[in-house]
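Only one chain is given next, in structure tokens, and it is the form predicted alone.
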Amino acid sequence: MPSSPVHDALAALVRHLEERRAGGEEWVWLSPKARKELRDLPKVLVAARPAPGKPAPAPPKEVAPPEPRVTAEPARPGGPVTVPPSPPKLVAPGASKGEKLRWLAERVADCPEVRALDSLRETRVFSTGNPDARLMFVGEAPGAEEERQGEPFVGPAGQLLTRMIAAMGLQREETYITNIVKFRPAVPNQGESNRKPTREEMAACLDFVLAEIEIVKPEVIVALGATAACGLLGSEEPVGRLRNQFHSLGEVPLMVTFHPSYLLRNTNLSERRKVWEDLLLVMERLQLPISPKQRAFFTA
């Protein structure tokens, strides 16, 4: 029995996508109308099922999923993690860093892999700061206040991060600040509630973060919290074992430290001292001036 027109069209679409993937393309832009039609496709297929007793046409060949990013685990627990360099999957067009970052921000809003996740909310929160920054901070995901303002790290944790940056002798505007996940993770009856992103949510946004790093080319990255460290390094080690040493993300040194929200929950002075020790190492790597007063912050 010949296949139906719907199945023929679907098979042709899969072949077309496979050909584009073989040519090196990783993303295909879809208009809102096309996205809606694809979402409605299961209803169309159900309506096109053959009558009972008649054999159903063979399903189309599935498109192979992308290969996972290869990471190198530490040689010993708590040791430095090295992620080998790899070509970026997203190459943003544009004459300047700002244009390229704006292209990424627009692209992630329509990314089919990201938008297919019903677990992420609709408002995009991309990044803030200087595209020519020497120092990049990477957090986990936007919260309620970030979603309202459309900018990462503007809530209580962001205000603490701003004070940490000022303690380093820098202005917030001199740095580049972003998150592993570009949309607020959803929870039932959301309100002000937040949750950390899942591995699936991180994986959907990771290529955009890696493209940001490739564009900004920071001299040092600071991963704020275990989620950011897991997303960038692929390591499941806790922050306590990863912190206070430089890891390598390609050719960029990366420091892991506690997320500012952790310091808001745990007000013990010893925890703030640990974060400051990590930031002092970052300042030394960037060859920023360090005064005796800065050296003595949080010392007994």
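A residue's number is simply how far along the shown sequence it sits, counting from 1. Treat the numbers as computed from the prediction; the structure is a model and nothing was measured.
Another form exists, predicted together with a small molecule; not displayed. Remarks below refer to it.
| field | 4.5 Å heavy atom contact, residue 207 to the small molecule in the predicted bound form | value | No, residue 207 stays farther than 4.5 Å from the small molecule in the predicted bound form.
| message | If we define contact as a non-hydrogen atom of the residue within 4.5 angstroms of the partner, is residue 153 a contact of the small molecule in the predicted bound form? | response | Answer yes; at least one heavy atom of residue 153 falls within 4.5 Å of the small molecule in the predicted bound form.
| query | Hey, in the predicted bound form, is residue 212 touching the small molecule, heavy atoms inside 4.5 Å? | reply | No - in the predicted bound form, heavy atoms of residue 212 and the small molecule never come within 4.5 Å of each other.
| Residue contact check: residue 140 to the small molecule in the predicted bound form, 4.5 Å heavy atom | So residue 140 counts as contacting the small molecule.
| Triplet 146, 179 and 259 all within 4.5 Å of the small molecule in the predicted bound form via a heavy atom | The answer is yes: all three residues contact the partner (heavy atom, 4.5 Å cut-off).
| Candidate stretches 116-124, 214-222, 132-140, 183-191, one within 4.5 Å of the small molecule in the predicted bound form by heavy atom | Partner-contacting stretch among the options: 132-140.
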